[in-house]
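Single chain ahead, by itself, as structure tokens, in the form predicted alone.
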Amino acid sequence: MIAANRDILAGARVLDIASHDGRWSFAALQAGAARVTGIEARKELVKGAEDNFAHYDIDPTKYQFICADVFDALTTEDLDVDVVMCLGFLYHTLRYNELFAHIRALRPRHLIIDTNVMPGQEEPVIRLVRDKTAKQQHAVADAYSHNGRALVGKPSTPAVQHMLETYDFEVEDIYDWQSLIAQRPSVTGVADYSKEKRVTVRSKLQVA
């Protein structure tokens, strides 16, 4: 996700949506990004990210972590970005129109998405799932969640492409995880990619 995108990350202002403990923001800086801004709703994860960056003595002018609901931050924060990374978030929401409209409004050059998907599905469809909002790896409680659960969606790969194209993002690449994994059979923790249950998509905004 990072090495294959060094060409667009180098010198870029990067927005990391649902930035967790800052791991991908850190990687983007290591790949040459000029500055990263992370949005994360869980306070403990934002603190973890700030602690991690302090531990590695990262220049404070090169990063910012915003503790807020993603959709609130996208509408209220003054964000100036070249690349948006949406890694591990798309399957924790159903608010796709809002998400893609807000991202497009930022006018980034590129958008990178990594998400769980429905394998083997050739139609642009979305499967409804209920996340338990108390779990850190699930959706965060918001105005639409109820009784400790949030309705979220698991899209098919064609659905991801369909949403991107609807908001003027041209798919440049769907990363070939299967070939990479085949070359490194000893690598663990990538079962979802090997079984095509997770994809990484790079896209480019087509509006001048």
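Remember, predicted model here, so these are calculated numbers, not experimental data. Residue positions are given as counts along the sequence shown, with the first one as 1.
The next section is about a form of this same protein that is not shown, the form predicted in complex with a small molecule.
Next item on the list: Report the residue, out of 62, 162, 42, 149, that has at least one non-hydrogen atom within 4.5 angstroms of the small molecule in the predicted bound form.
Entry: None of the other options qualify; the answer is 42.
Next item on the list: Just give me the single entry in 171, 68, 34, 180 that has a non-hydrogen atom within 4.5 angstroms of the small molecule in the predicted bound form.
Entry: For this set of options, the contacting one is 68.
Item checked: residue 199: touches the small molecule in the predicted bound form, heavy atom cutoff 4.5 angstroms -> Although the small molecule is absent here, residue 199 would stay clear of it in the predicted bound form, with no heavy atoms inside 4.5 Å.
Checklist line | Interface membership of residue 18, the small molecule in the predicted bound form, 4.5 Å heavy atom rule | finding: Judged by the heavy-atom cut-off of 4.5 Å, residue 18 is in contact with the small molecule in the predicted bound form.
Note to self: Although the partner isn't part of this model, could you tell me whether residue 79 comes within 4.5 Å of the small molecule in the predicted bound form, counting any heavy atom of the residue?
What the structure shows: It does not: once the small molecule is placed as it appears in the predicted bound form, residue 79 has no heavy atom within 4.5 Å of it.
Note to self: Even though the partner isn't displayed, in the predicted bound form is residue 140 close enough to the small molecule, meaning a heavy atom within 4.5 Å?
What the structure shows: So residue 140 counts as contacting the small molecule.
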